[in-house]
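Next comes just one chain, in structure tokens: the form predicted alone.
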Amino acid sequence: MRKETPSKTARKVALNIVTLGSKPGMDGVLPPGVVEATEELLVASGAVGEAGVRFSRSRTAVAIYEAFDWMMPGQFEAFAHRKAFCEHQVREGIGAGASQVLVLGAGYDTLGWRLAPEFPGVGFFEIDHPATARLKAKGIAELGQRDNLHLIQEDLGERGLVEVLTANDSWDRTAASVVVAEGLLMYLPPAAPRDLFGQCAEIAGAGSRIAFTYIGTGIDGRPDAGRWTGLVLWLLKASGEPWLWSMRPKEMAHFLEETGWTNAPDLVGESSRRGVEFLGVGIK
């Protein structure tokens, strides 16, 4: 992502969620209220105009997404499944005793804003790059700030997660927490995910979990986007937000162990793969 501009990927993902709300059958997958909240946030933040939101929820937009689904088969609907996966992990984690939720690279995600009133005793924290986070904060202020929702504007490439949260008086490093890294890891430099997971383990207490999505590695060593990997990677690079990191699923357990977590495939659900992304959960 170009540092001075809001993330185009975050905007695209949010619009994708809006469009999925108009696709038959997706209402049974998407978390309740996520489409409406996303629409409201995009407009309130100024990230997308009302006309753009109206088009995104049209059947024409659905048809366009479906027409391009050949490039990464299943990825259009995968956005709905990964939203549902992350929210399920947060709710399960809270039910198991977590008192904090941290969303990394939150973009225009509405999970914290939607769940904060339902769980007033839980602290919801979001961290994102300032260029995107400033727009998000503007939108949240317009929709109505939640007392237990903390929006943090930080570039974690310049200031470490441990330092950022240690300086935040509302964060408790000893508390059981749920950390969410949805659609983030593939955009990080090769060494960054290992460091990030290690820092997440440092700032989360016993009984915590980390829920994440990631791209698998192909036989050629590149992130695997399927049959059209070369074209997809070229387009992502041309857009200024390339995929930089991936991992073979069989290596994930070792990766988690080295960074302070234990792989928990039994918590993932019925499928560990949606579209071209894999789902993962680590526990502490």
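Not measured: the values here are computed from a predicted model. Quick note: we count residues from 1 along the sequence shown, nothing fancier.
What follows is about the form predicted in complex with a small molecule, which we do not show.
Subject >> Candidate stretches 171-179, 156-164, 142-150, 111-119, one within 4.5 Å of the small molecule in the predicted bound form by heavy atom >> reply: Answer to the contact question: 156-164.
Q) Which residue, 135, 80, 188, 94, has a heavy atom that falls within 4.5 Å of the small molecule in the predicted bound form? A) Selected residue: 188.
Indicate whether residue 129 is a 4.5 Å heavy atom neighbour of the small molecule in the predicted bound form. Yes, residue 129 sits close enough to the small molecule in the predicted bound form that at least one of its heavy atoms falls within 4.5 Å.
* Asked: Given that the partner is absent here, does residue 16 sit within 4.5 Å of the small molecule in the predicted bound form, heavy atoms only?
  -> Although the small molecule is absent here, residue 16 would stay clear of it in the predicted bound form, with no heavy atoms inside 4.5 Å.
The small molecule contact in the predicted bound form: residue 10, any heavy atom under 4.5 Å = Heavy-atom contact with the small molecule at 4.5 Å: present for residue 10.
- Message: Please determine whether residue 106 contacts the small molecule in the predicted bound form, using a 4.5 Å cut-off between heavy atoms.
- Response: Because a heavy atom of residue 106 falls inside 4.5 Å of the small molecule in the predicted bound form, the answer is yes.
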